[in-house]
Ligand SMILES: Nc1ncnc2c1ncn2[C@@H]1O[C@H](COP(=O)(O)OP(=O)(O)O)[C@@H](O)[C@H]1O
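Quick heads-up: it's one chain on its own, the form predicted on its own, in C-alpha cells.
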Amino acid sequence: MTNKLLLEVENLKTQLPLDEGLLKAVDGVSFSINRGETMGLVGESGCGKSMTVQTIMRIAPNFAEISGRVSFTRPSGDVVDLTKLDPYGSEIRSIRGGEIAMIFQEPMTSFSPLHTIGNQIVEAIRLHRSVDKKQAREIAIDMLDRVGLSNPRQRFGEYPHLLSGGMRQRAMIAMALSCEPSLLIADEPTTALDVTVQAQVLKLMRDLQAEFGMSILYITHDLGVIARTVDYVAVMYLGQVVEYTDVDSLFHNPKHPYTKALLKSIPKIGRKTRNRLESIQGSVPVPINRPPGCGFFPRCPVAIKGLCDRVDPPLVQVDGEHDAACFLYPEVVAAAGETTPEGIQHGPA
C-alpha cells in the first residue's frame, strides 16, 4: 500500500458540559502517525492525553461534545473519519479492538475476573478474525508464547488474579496483538510495573512492532519511556498540543517553556550535586470555563504580559519541522496576527 499515512487527527475537540461549566478536555489537538511509526503523547496528569485517545477510539463519555476530524486508513485503503461513526455501530466495533487496539495502564481492571485469560483472548479473536474456536485457541496460545509468558497453555486456562502484574500486562499485550492491529495505543503501559519488568515490556513491544509492522501511540508522563521508544512526540498541556517534533529535537533542543521545565525535573544519573530537582510551580488547572490566553501562563517564568494572558498561541513551525505554541517565537506572534508588546515584561501576573 502506497499511502504511508495511517492516522491523522485534525483540530480535535472534546468538551464536557458540566454543572460547573464547560470542561474542554481536548481543545484543538492535531497530529499524524505514519505506518510503522511510533509516536508519544506526553504531559502531566490532567493534560488530556487519555481523553484524546478515548475520543479517537470513540469510548469518550456519552455526553461529550466532539468536533474535528480523525482520519484512519483501513487495511482496505478506505479512509474513514472516526468522529462521524456511531460509537455503538458495527463499523467502529470492527475497527476498535481489531484494526486499532489499546493497552490500558492497569490490566487487572481491563480483564474480566470471571473468565480465564484464554477465553477473553479467544473472544476478541473470533470477534475480529474469521476463524473457528479451535483456530482462535491456537492463535491465543501462540500469542501468549510470543509475549514471553512461560507455559502458555497453562496460562491460557488461568484467571487474571493468578497472574502477577507483569504477566497480566503481557497477557493484555497478547490480546491486543492477537487481532493484528494496524495501530496499537498504549496508555501508560508500564505505570504499575517495577523498573525491571518495565524494561522487559518496552523491549517486547519494540520487538513485536518490528515483527508485525504496526504503528504505536504511547501515552505517558514518563519521559524516560519516550526517549527509548518513540520517533515523534506531541507535548500536551491543558488539552492542547504545545510542542510537536521528533524525539531527538525534543530532548536536545526543546522550544516550549513547559517542555523545558519537564526536562529539568528529570533526575540525572551520575550528576554529582546536592541541589534539589527543579519542579514546575503550581499544578495543571481544571479546564472549566478557561479564560483566553496561553494555558501555561500562570506557571510560566518567561510569559509575556499583555500577550500570553490575552491570546491563545497557535501551534506553528518555528524551526525546521519543530512546532511550538509559544509567543517567545516571532513566527507564533505573526501567525496569531499580533505584535510583541513594547517593553516586554516576563513572568505571570
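One rule holds for the numbers: they count along the sequence shown, beginning at 1. Computed from a predicted model, the values in this text were never measured in an experiment.
Although not depicted, the form predicted together with this ligand is the subject of the following passage.
Segments offered: 296 to 304, 279 to 287, 27 to 35, 315 to 323. Contacting this ligand in the predicted complex at heavy atom distances within 4.5 Å is 279 to 287. With a 4.5 Å cutoff on heavy atoms, residue 44 counts as touching this ligand in the predicted complex. Taking the partner from elsewhere, residue 51 is found to have a heavy atom lying within 4.5 Å of this ligand in the predicted complex. With a 4.5 Å cutoff on heavy atoms, residue 334 does not count as touching this ligand in the predicted complex; it lies far away. The closest heavy atom approach of residue 292 to this ligand in the predicted complex falls outside 4.5 Å. Counting a residue when any of its non-hydrogen atoms is within 4.5 Å of this ligand in the predicted complex, the hits in 10 to 25 run 16, 18, 23, 25.
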